[in-house]
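Just the one chain here, laid out as structure tokens, in the form predicted on its own.
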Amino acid sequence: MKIHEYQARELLTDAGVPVPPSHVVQTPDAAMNAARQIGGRTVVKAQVFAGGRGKAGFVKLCESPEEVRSAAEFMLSNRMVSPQTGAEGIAVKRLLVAAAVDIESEYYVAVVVDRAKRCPVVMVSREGGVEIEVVAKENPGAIEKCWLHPHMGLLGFQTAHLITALGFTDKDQAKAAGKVLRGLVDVFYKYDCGLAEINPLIRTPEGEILAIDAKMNFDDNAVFRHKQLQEMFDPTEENPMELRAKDHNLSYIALDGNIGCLVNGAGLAMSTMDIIKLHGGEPANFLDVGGSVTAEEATEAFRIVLADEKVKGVLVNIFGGIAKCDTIAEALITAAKEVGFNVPVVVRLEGTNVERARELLKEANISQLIPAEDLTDAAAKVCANVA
């Protein structure tokens, strides 16, 4: 689960991390009023789940409330297009109006799960304000890391090491930086984060240490434990098909190709997408119906896959175990009757009740259902039918 920058700022503030004052608004007039309340220079920032806001023109430094209103009008009436949004861009519904601060130095601070070592790791760099992937590629030595004990968190000697790595020698600034590090780690542990990032953490000419941008995401499986996070969830920023699938106990991931993939199991999904690409095709999505899918859930799965206008063909790849092949076959037939197949649907079934499933599909005599002997045959057929 992701949250907006303004929400991440709230969590940091609660953890004692210093953040400039700000307001969240949804109209140009509200933006102008917020700027008047803050006073002085302000910055207007689009609140969307995508990076590249500054280069796209959706972060504006403003000298007056009138400039803030103009910036807000632009952002709320135009779609933001960046490398992370695709050519279609995304609509902006909320803006953050925050106090602007003078910057002497920028730093990067983050806590993320290191899946290789199976524990959290704190990463810091003196090269803040840019994407950490760029720093890692061009100057990996500029990133310092400290791996954390899963239960003990950030220890004193690690805090001191990270403060030194960031280059803080002034006693007061080092103390402030330590408070930021401990606060960020506390947020990470308290809310089951996958990522908690401040970029940039800045030092002002007066020596003040402030977090002026933050990004966080959380383990979906742990959100039920955090009422505050549940209230922060923004469905308007999520793919509607993914939300629809979740409501029916299905896992759906939207991609950019034109071949829908309906499978049971994440590993099977990966191999299905790989073999589609091997035969020259591009997956449009994958929808995992899981191991204990019901006929109703499977039918809904077909509705979801076929609702994607990019889909020109579907590969159904089911290995029947707990999810029986005849259940999937019945769902295919029901979907064909209720939804209608206007694209070819190649079907590869193996496992429990597969013979019964094949009989059902044969008796249904649906022209758009194309049987396959094995996965290789299925991939070749679906790619040939959408070419």
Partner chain sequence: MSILVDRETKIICQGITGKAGAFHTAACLEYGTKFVGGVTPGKSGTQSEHGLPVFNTCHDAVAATGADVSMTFVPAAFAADAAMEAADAGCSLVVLITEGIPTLDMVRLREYFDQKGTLLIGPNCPGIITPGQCKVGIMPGYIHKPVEKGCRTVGIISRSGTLTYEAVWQCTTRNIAQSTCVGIGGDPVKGLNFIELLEMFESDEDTDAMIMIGEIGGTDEEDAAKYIERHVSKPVVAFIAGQTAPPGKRMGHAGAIISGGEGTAQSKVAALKDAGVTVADSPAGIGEAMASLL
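Positions refer to the first chain, counted from 1. Predicted model only: the values in this text are computed from it and were never measured.
Not on display, but discussed next: the form predicted together with its partner chain.
- Each of F188, G320 and T376 comes within 4.5 Å of its partner chain in the model of the complex, counting any heavy atom.
- Although the partner is absent here, D170 lies well away from its partner chain in the model of the complex, with no heavy atom inside 4.5 Å.
- Its partner chain is not shown here, and in the model of the complex it never comes within 4.5 Å of any heavy atom of A174.
- Taking non-hydrogen atoms only, F233 never approaches its partner chain to within 4.5 angstroms in the model of the complex.
- Contact check for P200: every heavy atom lies farther than 4.5 Å from its partner chain in the model of the complex.
- None of 153-161, 78-86, 100-108, 249-257 except one has non-hydrogen atoms within 4.5 angstroms of its partner chain in the model of the complex; the exception is 249-257.
- Though its partner chain is absent from this view, in the model of the complex it lies within 4.5 Å of a heavy atom of just one residue from R303, K227, K93, R118, which is R118.
- None of A295, L268, M123, M241 but one reaches within 4.5 angstroms of its partner chain in the model of the complex through a heavy atom, and that residue is L268.
- If you take 124-144 and check each residue for a heavy atom within 4.5 Å of its partner chain in the model of the complex, you get just E133.
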